[in-house]
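Given as structure tokens, the chain that follows is alone and in the form predicted alone.
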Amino acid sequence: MKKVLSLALALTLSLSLLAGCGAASSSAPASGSTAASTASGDSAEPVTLKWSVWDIDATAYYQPLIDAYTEANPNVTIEMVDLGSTDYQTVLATQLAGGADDLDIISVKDIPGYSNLVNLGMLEPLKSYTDAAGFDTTQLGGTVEQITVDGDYYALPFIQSFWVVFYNKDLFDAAGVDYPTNDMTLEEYDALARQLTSGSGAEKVYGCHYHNWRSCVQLFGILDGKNTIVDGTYDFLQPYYELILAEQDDGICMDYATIKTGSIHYSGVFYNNQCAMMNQGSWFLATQIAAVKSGESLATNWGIVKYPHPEGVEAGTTLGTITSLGVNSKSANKQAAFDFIEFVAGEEGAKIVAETGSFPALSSDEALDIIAAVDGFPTDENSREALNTVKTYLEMPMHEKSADIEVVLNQAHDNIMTENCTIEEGIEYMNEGVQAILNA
């Protein structure tokens, strides 16, 4: 149900949202960057590492990471193997299940994919490696703890994405309403959205906008840390469905069925000045910046603030996704593969990721300042401050049956939002369906 911003490459980064296909191999020689020497670099023994990825041509950070690492470790050659983005996890699992030992470094796209690879024994346990290297996993913002299984972890996060609110300053100005703040409760957010709604037909401006993902509604409910989306009981979701269905019925947000049947993408709604506020992931920053530069986005005066939160929850609490790197359990180059992963997930790798406009899992003021300095990023202080998070909950937490659980949650969400069932009936469907999965 996820990802997770070179400064001059914001346009290139936006292409990373496009689906890739096919399988290609790309050799990556060293070029002019610097990086700390690692254990593999201390040896003259040459080693070639193969790195499974998706969308080589559309992803800005792959090559800079490789260039920096191989310059400091000239005995290492890293070849990227593009498995395509659409069915990446399926293709990867199929290859590994066939006994593939030619892949060394494994990109893990999402939590269900991670869970599957761990369950099948396809990833090397990494705790002993990080302990030996003295790598502090706590610097990755609590994400490692959230993917730990029976005291060990099988990947290190290096990219994160988290949810914020994008808002259109011109629409706020036209309505004479103050801009949203970085400490906005859900009640305050709802009130603002109602103030910003105006017009009808082609001139309609919605106060807020939600895409048709279940995460746009359900994940408000886990921000207090009392529940998770895989617990098997979902009564806690009722007030959030009530809030957003009321907005939908009152015309404060676009109708879910209209979005779904019309295949309306959230970007177009924001680009065309059709909504004053939009809950969306940090991945949209580079896309919006590029669209303003190209003229595709008419929302040229915009900003971001922190995600709205329930009463009693600290501002800066949000939801997110991670992209991680693991070691193929059948690799003949496990230590060398880990050395590269340690570099990518560490401080130097984080700086390189930030310079390409993406958010590193290892968040620091330096990395956030780099992202905020991207040409086209909003210059107001609130937008820079919005990048500081205090707690990020994974959209889909680690669970061995997460993929099956997601199917049930998606079905119930669709029925509730199209009002094919009541909120109570939808929640009952979730409770019974997920409990059956958990008990199987």
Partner chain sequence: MVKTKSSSIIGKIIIYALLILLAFLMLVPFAWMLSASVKYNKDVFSFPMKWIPDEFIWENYSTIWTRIPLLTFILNTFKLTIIVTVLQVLTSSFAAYAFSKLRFKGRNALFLGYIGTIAVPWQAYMVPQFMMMREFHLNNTHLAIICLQAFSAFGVFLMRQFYEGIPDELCEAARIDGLSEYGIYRRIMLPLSLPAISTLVIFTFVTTWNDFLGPLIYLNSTDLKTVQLGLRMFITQYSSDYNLIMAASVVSLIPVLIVFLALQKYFVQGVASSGLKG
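Here, rigid core means the biggest group of C-alpha atoms that superpose within 1.5 Å across both forms. Numbering follows the first chain given and starts at 1. Just so you know, these numbers come straight off a predicted model, no measurement behind them.
Beyond the structure shown, there is the form predicted together with its partner chain, which is absent from this document and is the topic of what follows.
Remark: all three candidate residues (102, 202 and 265) come within 4.5 Å of its partner chain in the predicted complex, counting heavy atoms only. Contact annotation: of the candidates 253, 83, 106, 341, the single residue with a non-hydrogen atom within 4.5 angstroms of its partner chain in the predicted complex is 83. Contact annotation: of the candidates 57, 375, 381, 45, the single residue with a non-hydrogen atom within 4.5 angstroms of its partner chain in the predicted complex is 57. Of the candidate stretches 364 to 372, 137 to 145, 267 to 275, 305 to 313, only 267 to 275 has residues whose heavy atoms lie within 4.5 Å of its partner chain in the predicted complex. Residue contact with its partner chain in the predicted complex: residue 91 places a heavy atom within 4.5 Å of it.
Using a 4.5 angstroms limit between non-hydrogen atoms, residue 195 is distant from its partner chain in the predicted complex. Not displayed here, its partner chain is kept clear of residue 234 by more than 4.5 Å at the level of heavy atoms in the predicted complex. Contact annotation: residue 153 falls outside 4.5 Å of its partner chain in the predicted complex, judged by heavy atom distances. If you take 237 to 257 and check each residue for a heavy atom within 4.5 Å of its partner chain in the predicted complex, you get nothing at all.
Relative to the superposed rigid core, the position of the CA of residue 98 differs between the shown form and the other one by 2 Å or more.
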